[in-house]
Ligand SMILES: Cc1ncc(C[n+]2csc(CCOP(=O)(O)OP(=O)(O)O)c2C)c(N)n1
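First, one chain by itself in C-alpha cells, the form predicted on its own.
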C-alpha cells in the first residue's frame, strides 16, 4: 500500500516543475492527466509511450508529459495513432480526445479502429459539451442540459438522447477489446481502468477504449459542489465500469 506521500506525489513522467496550469480553474482534465501519469509510472512505460492529442482542451496536454507526444487535427487522434502504431508496433500508443473529437467529427475513425481491433488505447474525456470553443452542445449533452447552443435545454426529441459512445463501440469491437468508463469522481477506479486498458494493448495486442466523465465548471457555470453534484447525475446516465453491452434503459433527464 502506498504511503500518503507516495499517493499524492506528482508522477515522475509529468513535466510539471514551474509550469502553471493551462486549464480553467476546477477543470477535471488536470485530474485525468495526473492519473494517466500515475499509470505510466506504475507500469514503467515512460520510455516507450507515445501520446497523440486532439484539438480542443486535450491539446494542452503536450506541455506536461516527459514522453513523446504528437499533435493531430480535430477528430484525427485515432487514425494518427493507428498509423503510428503500425509503424512502431512496440510503442504503447494512447489517443487522447474530447467527446466531440471522438463522437462527432472523429466517430468514423473510432468505430473502424475498434472494428479492426487496432492495438491502441483511445481515451475520451466526456464533459457533455465542446469546452474550448465556448460550451456548445455535443453528442453527449444530456436531455434538458443548458449549453450555449441549447439555452432552453437540449430537446431530446430533436437532437436525440445522451450519446453512449462506449456502448456503441462495444457492439462492433473484437471480443479481446477492453472498453470501459471511468469518472474523475472516483480516481482509484480510473487508475485501475486505465491500467487494464494499457495492459490489454500490451498483452493482448488489442484495441482499448476508456471514456472518462469529467467536470467543466467554466461552461457548466457551477461551483465546486455543484460540479460534482452534476457529475453524480451524469454517472447515473453514463454508468462507470467495464462496458459489456448497450444500455437497455433510456437516458434519464437532468
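Residue numbers count along the first chain shown, from 1. Keep in mind it's a predicted model, so treat the numbers as computed, not measured.
Unshown form predicted in complex with the named molecule; subsequent notes refer to it.
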Should residue 178 be counted as a contact of the named molecule in the model of the complex, where contact means heavy atoms within 4.5 Å? no
Are any of the heavy atoms in residue 132 no more than 4.5 Å from a heavy atom of the named molecule in the model of the complex? yes
So, residue 37 and the named molecule: in the model of the complex, are they within 4.5 Å at any heavy atom pair? no
Heavy atoms within 4.5 Å of the named molecule in the model of the complex: does residue 118 have any? no
Just to confirm, with a 4.5 Å cut-off on non-hydrogen atoms, which of 146, 156, 105, 168 contacts the named molecule in the model of the complex? 105
Considering the named molecule in the model of the complex, find the one stretch among 203 to 211, 188 to 196, 62 to 70, 49 to 57 with heavy atoms no farther than 4.5 Å from it. 49 to 57
Mind listing which residues of 88 to 106 have a heavy atom within 4.5 Å of the named molecule in the model of the complex? 98, 99, 100, 101, 105
